[in-house]
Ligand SMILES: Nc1nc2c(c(=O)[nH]1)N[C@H]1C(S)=C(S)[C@@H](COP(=O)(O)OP(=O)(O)OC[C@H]3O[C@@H](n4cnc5c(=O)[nH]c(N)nc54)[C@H](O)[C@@H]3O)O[C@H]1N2
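We begin with a single chain expressed as structure tokens, specifically the form predicted alone.
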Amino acid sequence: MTTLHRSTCPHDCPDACGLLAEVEEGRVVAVRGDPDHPYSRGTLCPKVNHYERTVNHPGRLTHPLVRAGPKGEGTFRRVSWEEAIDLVAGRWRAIAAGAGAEAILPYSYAGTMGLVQRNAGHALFHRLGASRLARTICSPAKSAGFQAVLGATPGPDPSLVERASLVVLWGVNAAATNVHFLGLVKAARRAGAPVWLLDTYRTATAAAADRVFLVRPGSDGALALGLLHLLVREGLADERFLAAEALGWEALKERILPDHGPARTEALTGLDEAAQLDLARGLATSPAPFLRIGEGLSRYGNGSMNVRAIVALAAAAGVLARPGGACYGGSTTGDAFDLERFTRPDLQPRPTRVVNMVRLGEALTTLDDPPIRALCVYAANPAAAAPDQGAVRRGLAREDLFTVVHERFVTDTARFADVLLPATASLEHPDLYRSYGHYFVQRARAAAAPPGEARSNWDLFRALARALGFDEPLFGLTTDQVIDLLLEGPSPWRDRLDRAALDAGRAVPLAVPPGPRWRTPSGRIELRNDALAEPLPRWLPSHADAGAHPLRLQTGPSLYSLNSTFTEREDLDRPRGPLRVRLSPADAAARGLSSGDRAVAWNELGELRLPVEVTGDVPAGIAVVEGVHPDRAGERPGNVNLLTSRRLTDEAGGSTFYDNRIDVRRDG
């Protein structure tokens, strides 16, 4: 007998797609898109199509394991859950008694986006008094840039793009990271709206664009300021709107924009004056322009300032003034649920130190007073996905570091584990999902039995809480009871929530709470923000604008993996292809390289051996490496994050994955 179960894609993607899982005798036999989901409308990306192949993969971990060989080798012996929990709790107690609980560090991120399983360890580590983790590896600089200008103003409904008269995709490879939004963009294009793409090289999204504007890495803020200059010069700025709705326009015009004429803008960005004029006029004169700002342009040392300048451009061009116009960076649903009811920061005996996850390598190798003695990794794979990979792996290889990893597969990080515990997949546990790319929320029930003895994140941390003697009522709740707890808390986002439909597994809309047009301290668009060290948007160079190596490294997303996930899928290996460095014909010729040659990409952080692809899609001066592939025996040690630094963004402590320089030479 086949049963059908509604669920949600759990992965770190704004689409949060609706799934239908076919289950026979407790086993998922097929997964397809849910046609009733209001946003994803029955389609899935190539990664989640045939998701049953991930759920049922023979490489799934099924039993608790304890290390039986050198760290990093991946040799383990099987133990019982009771033995594993006692071992972990005992070691943590001993470390806390000897060095203090701050010697224990949790490390997790968005391996699952469910509100329960993603945040499952927080309350335990707060109660323990462990070091806290600043989870800033993605794009906090983008949020900081938006908030500097627009405060807590909610993002528009992304479906508005279908009615746009012009679509501008700025720094977003939607074909890899936002495929359902790209579907809406294509609908707008079919209806007559031109689609313009701004990026550093021709990504897969370029196929859906009418025009592609290639800019130098990290120069997005300079381009925005240059376009603002042209708006003033051409008389295209929406002066009436700015006078009524914004603060700081006159100061921006007088103090900043005179230095950003077309010649300087071209020198900084590579775009000539004709292209600059086309962009400025398009944004200022199109009846309903839709400007989509991606995450990539915020992953530089000037990332937050880049975003501030682009949002200021949207205001001055009147994009924010015109009906149907939109400046979209994501959906702001974070306030819909009071997560502190679950994460319980109040359980901390005292506020503890904060370790930035971007600097994990530094934390594991140089942090003192106390040094990190225990690491607990779940919903993350830092040995593959964290920057400064060499330092991360040196830290993980420490014999005096006690590492616990909760995972579905033997990942690069799992190979360094002292205790390796089997985790459930999303279709094997309940959870509650919100999105950062639309305004629907969905409750998912467990659809299938987990393999072997796999446990969910929350069930793991409940067991550890019991073993540590923590008796707070929260640790006695089941996952479904935690979901009910989150849904019971008051929130204007959920005042009209259809609870019956939600409990039945359907995606239901959240309601953006009523409020002022601009939810800033002043109630206006804050082009000048006096609360910041830099009150006005201005040009900041990126870290790699000055550097010893000639090529700017761009670490783009892959169409067939998501960070280090989905790399277990053999059916995706062929379309994904090998990890490779993509070079322009000029840069390849200068190094005597052709497509298929083996090369070494290198900088002061490390060396990475990989094949070459020569392509006209990559401008001169740029090297592109897409995807975070796992280590394979005899292939190469590490991946592109051997070459990415732990330097931070200008605001919010974000990662700078796109802000590095390298060179490339023939291997051998």
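Bear in mind the structure is a predicted one, so any value in this text is a computation, not a measurement. Note that residue numbering follows the sequence shown and begins at 1.
As for the form predicted in complex with this ligand, it is not shown, yet the points below apply to it.
Undergrad: Given that this ligand is left out here, which of Pro382, Gly226, Gly121, Pro537 has a heavy atom within 4.5 Å of it in the model of the complex?
TA: Result of the distance check: Pro382.
Undergrad: Just give me the single entry in Thr333, Thr269, Gln276, Ser558 that has a non-hydrogen atom within 4.5 angstroms of this ligand in the model of the complex.
TA: Result of the distance check: Ser558.
Undergrad: Can you check whether Gln442 is within 4.5 Å of this ligand in the model of the complex, heavy atom basis?
TA: Contact check for Gln442: no, nothing within 4.5 Å of this ligand in the model of the complex.
Undergrad: Verify the contact flag for Lys47: yes if a non-hydrogen atom of it lies within 4.5 Å of a non-hydrogen atom of this ligand in the model of the complex, no if not.
TA: Residue-level check for Lys47: yes, a contact with this ligand.
Undergrad: Given that this ligand is not shown alongside this chain, does Thr203 nevertheless sit within 4.5 Å of it in the model of the complex, heavy atom to heavy atom?
TA: Yes - in the model of the complex, heavy atoms of Thr203 and this ligand come within 4.5 Å of each other.
Undergrad: Consider Val215 of the chain shown here, and say whether it contacts this ligand in the model of the complex, taking contact as heavy atoms within 4.5 Å.
TA: Output for Val215 is yes: heavy atoms within 4.5 Å of this ligand.
Undergrad: Heavy atoms, 4.5 Å, this ligand in the model of the complex: which of 110-118, 505-513, 124-132, 392-400 makes the cut? Say which one.
TA: Within 4.5 Å of the partner lies stretch 110-118.
Undergrad: What residues of 391-428, in sequence order, lie within 4.5 Å of this ligand in the model of the complex by heavy atom?
TA: Result: His406, Glu407, Arg408, Phe409, Thr411, Ala423, Thr424.
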